[in-house]
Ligand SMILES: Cc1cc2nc3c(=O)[nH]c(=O)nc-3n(C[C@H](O)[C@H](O)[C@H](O)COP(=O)(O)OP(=O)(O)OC[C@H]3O[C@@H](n4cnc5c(N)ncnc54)[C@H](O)[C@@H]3O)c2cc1C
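Form predicted alone, single chain, as structure tokens, below.
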């Protein structure tokens, strides 16, 4: 810690990811005292930028912002001197060693639209069902690809494990943009000036309708309210003890919003052996779940990522980094040939499921848990929960996490009421003058 942990503040924020930083900035702007405690040795949560390994900033986790016109992070990034640029929308489909022909790509888009409509239609029913149960049975050769694009590549979960109602509420992720210096670097900048104590996990939260006490290895913090922004995995695992216990409504909601699996296998390649454009996306017509998404030439560099997700991605990650890189080589070789794979100079694989402080990628509602996001965000006592999992339409995004942090801060500030004005200063008595 850079400074001693305060023993008393107006509001304590647990977690220094996007939601925690947004909440703390809002509280500080309102003139109230705040401290953020973070178990990890860094700011950012699931936004983490590696600036050095590949010679260009590499986002290990979240790497895109969406809907720039109404996204406050875009304005904040530009105002802090960060380079914001549209992500190339170009996407190609490979069928073996060739690109899909125009008619084949059209068939895929038709299958994708039909599947989306079927999920939306199922979401209007009285009972929540799995997305997979709603799919048409005649998607043919595109069935596995549709499953990957609508499920793992967006939510980290298979369609059979996803709530149709929750999936249908997902706001369109339109106009993707990237921060060239990295989203992790942006959040670190936005956290500047906020009291943040790194390497300081919350071990216990004692709460009531009057105040909150948070135990840490560095001591106890007493506050009038707490904002908890840890992942649903951490909440449901009991890593933080609550006294009284975390209410059953919130515990069940967190359990039904478990984290999906999404990892990036980064490959630095000499030149451009794949012959692809800047930030170009490639998927394949796959036969099964053993597939991936290729993002080529990030920011015009020689860095590419092979992104794996869902159950296949989770199983692969559990085998370790070597197995992940071996799969990426094999998969790329099958699409572009062994000569391209020979150009790989350096590699790295993320393994978010193995990070005990987070435990996965983005939250995904299981069938029947469609109302969990609203329930999870309901305050109890003077405790408020925030994070991407509590946003009903922008879940799984950095802007959704940011918005939830601001919302929780506003609610907490309202709950604790306005700051008490300082006691009036007594005017000094004027000295009496004596006549001589």
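Bear in mind the structure is a predicted one, so any value in this text is a computation, not a measurement. Positions refer to the first chain, counted from 1.
This protein has a second form, the form predicted in complex with the named molecule, left out of what is shown; the following refers to that one.
- Between the options 130, 240, 196, 213, the residue in contact with the named molecule in the model of the complex by a heavy atom within 4.5 angstroms is 240.
- Listed residues 291, 317, 200, 305 were compared with the named molecule in the model of the complex; 200 is the one with a heavy atom within 4.5 Å.
- Taking non-hydrogen atoms only, residue 229 approaches the named molecule to within 4.5 angstroms in the model of the complex.
- At the 4.5 Å threshold, heavy atoms of residue 11 stay clear of the named molecule in the model of the complex, well away from it.
- The shortest heavy atom separation between residue 357 and the named molecule in the model of the complex is within 4.5 Å.
- Although the partner is absent here, residue 409 lies well away from the named molecule in the model of the complex, with no heavy atom inside 4.5 Å.
- Only one listed stretch (49-57, 64-72, 26-34, 369-377) carries heavy atoms within 4.5 Å of the named molecule in the model of the complex, and that stretch is 64-72.
- Looking at 5-19, the residues that come within 4.5 Å of the named molecule in the model of the complex, counting any heavy atom, are 14, 15, 16, 17, 18, 19.
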